[in-house]
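Shown below, as structure tokens, is a lone chain in the form predicted alone; questions about how it binds or moves come after it.
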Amino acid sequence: MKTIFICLFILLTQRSFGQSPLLKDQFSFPLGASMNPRLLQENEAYRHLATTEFNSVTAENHMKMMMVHPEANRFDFSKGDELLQFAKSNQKRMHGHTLVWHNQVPKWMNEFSGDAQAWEALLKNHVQEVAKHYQGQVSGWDVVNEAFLDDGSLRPSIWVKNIPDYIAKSFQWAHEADPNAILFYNDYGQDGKPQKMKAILDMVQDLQARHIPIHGLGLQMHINISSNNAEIQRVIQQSSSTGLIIHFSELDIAVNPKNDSTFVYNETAKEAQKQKFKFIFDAYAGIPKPQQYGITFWNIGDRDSWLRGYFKRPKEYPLLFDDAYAPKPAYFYLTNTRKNEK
């Protein structure tokens, strides 16, 4: 804890003397992070970086089904509202994540039984109650999250099992509830998975042909230092060729993807990570500006990464700030070395 406060003091001192530019000020598109309301409240160093370095906020978990709809007849928006209030108080954009997903579904939904009409009423009610609650307060929504498997088939879930055409219906319901929100389909791992990428592109084409409101594609960008740049670039080009708005929605760059217990985060790994961040930002800058929604990091410091928590990978360092919230080499490249494209 002492180390965290020392780093916070150094960061504040640098800001006071104008020695270090802010990340969010270096780019013409928004720079965001997914955030945890508990950490914003309890961790001063976390809150400082969230306030100063980013101009867009995504709820990492607290707008997902399990959190906001814990019982059939009860919604709980308290934690999502905390994040929204933080964004409003600090003049930041709020991005909604996510309305429909196969994961983090409340127990009562998984145990629900009924015909197709009852299932459709359930999902429509959820989508529209959440979207209406945040109407006019979020810029965009990840409406449907991770609907396809690597082979291009629809992922098995209670939604695909019980609601024919649930993807199109979810977008339509979200648009009815908040006509001004930018509506995204969000997914991961399209690089090196051509069948998955084709399925997403086919879905976009189908929705557009039916005049279903889809406005953007979220490319999660959970990648690692060995990810193939050409394959990532191909996904970016294919996605942007749809004409939709593009969001790098959940960026982190793993340095120890095999979870090697003897891994050392040395200068070689830091340099490789810096070069991969450089590639990602250069690639995003190449997307036509009207299609640029921004880049969002999946949390702020290495200690907060889902790769450590959810996947139990303690020797993983995928973000711009280390365990003590001190900036890493990739951060200094993006803020001090890089020529921004404003």
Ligand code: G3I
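One-based numbering along the sequence shown. Since the model is a prediction, treat every value here as computed from it, not as a measurement.
If you look for the form predicted in complex with the ligand, you will not find it shown, but the lines that follow are about it.
Colleague: So which of 162, 172, 220, 224 gets a non-hydrogen atom within 4.5 Å of the ligand in the predicted bound form?
Modeller: So the residue touching the ligand in the predicted bound form, by this definition, is 220.
Colleague: In the predicted bound form, which of the listed residues (31, 283, 40, 67) lies with a heavy atom within 4.5 Å of the ligand?
Modeller: Among 31, 283, 40, 67, a heavy atom within 4.5 Å of the ligand in the predicted bound form occurs only for 67.
Colleague: Check residue 82 for me: does it contact the ligand in the predicted bound form (non-hydrogen atoms, 4.5 angstroms)?
Modeller: Residue 82: no contact with the ligand in the predicted bound form.
Colleague: Taking 4.5 angstroms as the cut-off for heavy atoms, does residue 178 touch the ligand in the predicted bound form?
Modeller: Looking in the predicted bound form, residue contacts with the ligand do not include residue 178, since no heavy atom lies within 4.5 Å.
Colleague: Although the partner isn't part of this model, could you tell me whether residue 134 comes within 4.5 Å of the ligand in the predicted bound form, counting any heavy atom of the residue?
Modeller: Heavy-atom contact with the ligand at 4.5 Å: absent for residue 134.
Colleague: Hey, in the predicted bound form, does residue 54 get a heavy atom within 4.5 angstroms of the ligand?
Modeller: No.
Colleague: Can you tell me which of 163-171, 203-211, 97-105, 231-239 lies within 4.5 Å of the ligand in the predicted bound form, counting heavy atoms only?
Modeller: It is 97-105 that comes within 4.5 Å of the partner.
Colleague: Would you give me the residues of 286-307 that have any heavy atom within 4.5 Å of the ligand in the predicted bound form, in order from first to last?
Modeller: The stretch 286-307, when checked against the ligand in the predicted bound form, contributes 298, 306 at the 4.5 Å heavy-atom cut-off.
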